[in-house]
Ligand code: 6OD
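The form predicted alone is given below as one chain in structure tokens.
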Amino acid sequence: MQQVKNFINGEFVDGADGKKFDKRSPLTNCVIAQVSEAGIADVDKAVRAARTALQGEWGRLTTEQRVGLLYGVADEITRRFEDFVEAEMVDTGQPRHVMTHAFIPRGAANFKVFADAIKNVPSESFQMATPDGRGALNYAIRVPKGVVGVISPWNAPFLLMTWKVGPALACGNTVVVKPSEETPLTTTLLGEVMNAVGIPKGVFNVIHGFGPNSAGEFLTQHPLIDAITFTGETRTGTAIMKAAADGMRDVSFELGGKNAGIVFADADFDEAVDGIFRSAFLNTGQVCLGTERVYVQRPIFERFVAALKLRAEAVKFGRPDDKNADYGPLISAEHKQKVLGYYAKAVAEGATIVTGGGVPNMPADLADGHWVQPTIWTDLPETATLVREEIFGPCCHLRAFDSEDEVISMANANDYGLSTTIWTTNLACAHRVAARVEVGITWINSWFLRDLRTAFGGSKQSGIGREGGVHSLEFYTETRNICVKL
């Protein structure tokens, strides 16, 4: 059985107290690895190793030298592409095509994109008058924020972890990463890449464990952590923010979402159906940007429901290497029960089940895996639990609307504000609606298109701060002003 260790100061090590936990396959629920859990002493060792590296060799490198090393990291990930694909498939159970076309390539790209960003970011300077007439020059420099605690999620583990580690290292910080206990493999594998490329010891550290009373809490409460970046549930983000307040540490959060899709009657019908289908069911619905609320203009509502139903019922589940499989399982037994609990709540609240609502029939070797059916509902009011709360599964609720004002009001009547999709051939309408929907990211006639230079983040309870391009650099650096009397 595979043994997964912590990666501290350039070495793979077991936790000092010898505690381990099981990693189970989402496909079968069988134990496939044992993971070493980091205790408080291990977390302290990792943070102090990161602090030493920051003040040592890593801190003395020039920007050009760091950029060269990060390019090397990206190239080594690409060289070991299949290793990362296999590890991510084992961790998540999702199909190979999702890993090879999106998640692993983006993970490698995150290092090059942010290496280029820090190399090319401009700085500001100002000349000012002085009473003696000689003047003064003010100019700004960027310095790393310090040791950054990175807590990454399980739904796209490698992509979302490197989305934070890439810019953090490009800016000269060191990191201590706690991946989700559900998906430890690719983050650990990245330690091998760091050593192979020659990243100094202590720059990149990995600690395994859980949240409360485990590695996550020990990391966020450590006094030598200078900033914390987290992607995950809003409730967890709230707890981390409270911990970060002690010491006034900066935080960057990408949290939950209950995202709305808006389909106008003049939309390209087939494109809209395809786009909503992808945004509701990709990665078995385990996407923070996924669409769980769909508002369709009344003239095409019944036709749209029927078309989306056909697409959902054509989904094929299977193992990651099954070329006929479109989707995999949910991440864990616990998450499966959560999603099925919402499915039951939908019935209790009076939803009409268009399709799904339960567990698919799977072959005997996969019967104990975490499979749930793609599910579509209609006929719930906006006050229903299913319409209010994030489910994070392969499901969506459809409702008809009549006017722009009506649909904007419904889209905004939610505690979350991460993203939305708008489908219409009337670009004037699209721009009007996009400006009024209270979210951080809006797609018009598309979904999941990402230019990594653009701002990424949520509004309301969907997060704090922005990531991407210069926005990431703002979080991972401190700007210092230097004033020179001329």
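Don't overthink the numbering: it's just position in the shown sequence, from 1. Bear in mind the structure is a predicted one, so any value in this text is a computation, not a measurement.
Only in words, not in the display: the form predicted together with this ligand, which the text now covers.
Trainee: Just to confirm, with a 4.5 Å cut-off on non-hydrogen atoms, which of 371, 377, 343, 163 contacts this ligand in the model of the complex?
Mentor: Contact check passes for 163.
Trainee: Exactly one residue in 308, 288, 296, 99 has a non-hydrogen atom within 4.5 Å of this ligand in the model of the complex; which is it?
Mentor: Among 308, 288, 296, 99, a heavy atom within 4.5 Å of this ligand in the model of the complex occurs only for 288.
Trainee: Is it true that 119, 470 and 475 each have at least one non-hydrogen atom within 4.5 Å of this ligand in the model of the complex?
Mentor: Checked in the model of the complex: no contact with this ligand for any of the three.
Trainee: Could you tell me which stretch in 315-323, 129-137, 151-159, 357-365 has residues with non-hydrogen atoms within 4.5 Å of this ligand in the model of the complex?
Mentor: One stretch meets the cut-off, namely 151-159.
Trainee: Is residue 456 near this ligand? Define near as a heavy atom within 4.5 Å, in the model of the complex.
Mentor: Heavy-atom contact with this ligand at 4.5 Å: present for residue 456.
Trainee: If you check in the model of the complex, is residue 431 within 4.5 Å of this ligand, heavy atoms only?
Mentor: No.
Trainee: Just checking whether residue 106 would be counted as a contact of this ligand in the model of the complex - the rule being heavy atoms within 4.5 angstroms.
Mentor: Because a heavy atom of residue 106 falls inside 4.5 Å of this ligand in the model of the complex, the answer is yes.
Trainee: Can you tell me whether residue 436 touches this ligand? I mean in the model of the complex, with a 4.5 angstroms heavy atom cut-off.
Mentor: So residue 436 does not count as contacting this ligand.
Trainee: Can you list, in sequence order, the residues from 438-468 that come within 4.5 Å of this ligand in the model of the complex, counting heavy atoms only?
Mentor: Contacts from 438-468: 448, 450, 452, 456.
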